[in-house]
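Below sits a lone chain in structure tokens, taken as the form predicted alone.
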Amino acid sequence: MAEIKVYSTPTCPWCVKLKDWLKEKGVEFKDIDVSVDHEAAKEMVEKSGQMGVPQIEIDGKIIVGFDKEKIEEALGK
């Protein structure tokens, strides 16, 4: 099973859509709220070079934004 982290904020509509979509697919993930976890926010920017959310990390691969095709490819679906 892939280790999946979703970097998000509570006020981001695309973050909510991404998390709902993952739940519908039965994909387990760790939700990281970068609006309160400043260390995680720093880590996210270091990994991707970007501050925008959502970002999803699947087994070390970073995908910025809610890109269904790239996410499904990374999940092996």
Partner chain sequence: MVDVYETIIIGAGIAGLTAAMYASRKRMKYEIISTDFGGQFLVSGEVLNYPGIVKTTGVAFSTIMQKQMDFNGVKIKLETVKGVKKKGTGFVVTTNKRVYETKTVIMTTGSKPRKLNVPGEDTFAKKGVTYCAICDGPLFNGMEVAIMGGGDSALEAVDFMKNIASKIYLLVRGDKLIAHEYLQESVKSNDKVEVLFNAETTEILGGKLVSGIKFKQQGEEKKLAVRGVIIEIGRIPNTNSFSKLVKLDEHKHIIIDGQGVTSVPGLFAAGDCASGHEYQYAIAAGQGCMALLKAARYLVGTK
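As the structure is a prediction and not an experimental result, all values here were calculated from the model. Residue numbers count along the first chain shown, from 1.
Another form, the form predicted in complex with the partner chain, is not on view; read the next lines as being about it.
Peer 1: Can you tell me whether residue 49 touches the partner chain? I mean in the predicted complex, with a 4.5 angstroms heavy atom cut-off.
Peer 2: Contact check for residue 49: yes, within 4.5 Å of the partner chain in the predicted complex.
Peer 1: Residue-level contact is defined here as any heavy atom of the residue lying within 4.5 Å of the partner chain in the predicted complex; does residue 27 satisfy this criterion?
Peer 2: No.
Peer 1: With a cut-off of 4.5 Å between heavy atoms, is residue 18 one of the residues that contacts the partner chain in the predicted complex?
Peer 2: Residue 18 lies outside the contact set for the partner chain.
Peer 1: Find out whether any non-hydrogen atom of residue 63 is located within 4.5 angstroms of the partner chain in the predicted complex, and reply yes or no.
Peer 2: It does not: once the partner chain is placed as it appears in the predicted complex, residue 63 has no heavy atom within 4.5 Å of it.
Peer 1: Could you run down 34-57 and flag each residue that has a heavy atom within 4.5 Å of the partner chain in the predicted complex?
Peer 2: Result: 34, 35, 38, 41, 44, 45, 49, 50, 51, 52, 53.
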